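One chain comes next, on its own, written out as structure tokens in the form predicted on its own.
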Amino acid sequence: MTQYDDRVLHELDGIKEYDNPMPGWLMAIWWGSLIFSGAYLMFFALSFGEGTMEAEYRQQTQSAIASVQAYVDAHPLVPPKPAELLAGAGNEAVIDLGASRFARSCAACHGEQAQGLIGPNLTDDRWLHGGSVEQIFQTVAKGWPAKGMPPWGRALPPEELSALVSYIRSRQATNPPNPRAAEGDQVMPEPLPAQ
């Protein structure tokens, strides 16, 4: 261990302040961190060179968007025929699957009986975005993000998506208690096929 001469800088009321230098290894770390931080700031924060973090972030974001778009283009969302959706509205197994999915994904906004909470009432004959089963399918699949309705078309398997639309159609004219006030245009529900 190196011995230093005690050199007193100040003394006041018997309290002495010594001038003992910091160890060399600690000073080397301090100066090294200052030099490194300066170089880091010059390279990344001041955008010298093409390898900036922002440029890399933008490139990776564009790559991710392109890969998602390629998947969407390769797997288009093809709605089932309206007759299939209407037939599902009379099929107990399809209704059970749709009711299960509705309880997990839709009841928080539309109510347990589709009577409407923060989302519109799905049991009356009024619709904001069209009330045919095709239009209901498009609304569920594509959503209305500006109104808080997420797009479920890519999040749900196709059979659950179709069952959900069939379930919603089956809830029309059920008159649950405490329904939300009617909104939108009046649309007469399409008749269900004879069982």
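Here the structure is a predicted model, which means the values were calculated and not measured. Note that residue numbering begins at 1 and tracks the sequence as displayed.
In what follows, reference is made to the form predicted in complex with heme C, a form of this protein that is not presented.
> Quick one: is residue 119 in contact with heme C in the predicted complex, heavy atoms, 4.5 Å cut-off?
Replying inline: Result yes; residue 119 sits at the interface with heme C in the predicted complex.
> Would residue 148 count as a contact of heme C in the predicted complex, using a 4.5 angstroms cut-off between non-hydrogen atoms?
Replying inline: Contact check for residue 148: yes, within 4.5 Å of heme C in the predicted complex.
> Wondering, does residue 55 line up within 4.5 Å of heme C in the predicted complex on heavy atoms?
Replying inline: Because no heavy atom of residue 55 falls inside 4.5 Å of heme C in the predicted complex, the answer is no.
> Taking 4.5 angstroms as the cut-off for heavy atoms, does residue 142 touch heme C in the predicted complex?
Replying inline: Residue 142: no, not in contact with heme C in the predicted complex.
> What residues, if any, in 120-134 have a non-hydrogen atom within 4.5 angstroms of heme C in the predicted complex?
Replying inline: Residues within 4.5 Å: 120, 122, 126, 127, 128, 129, 130.
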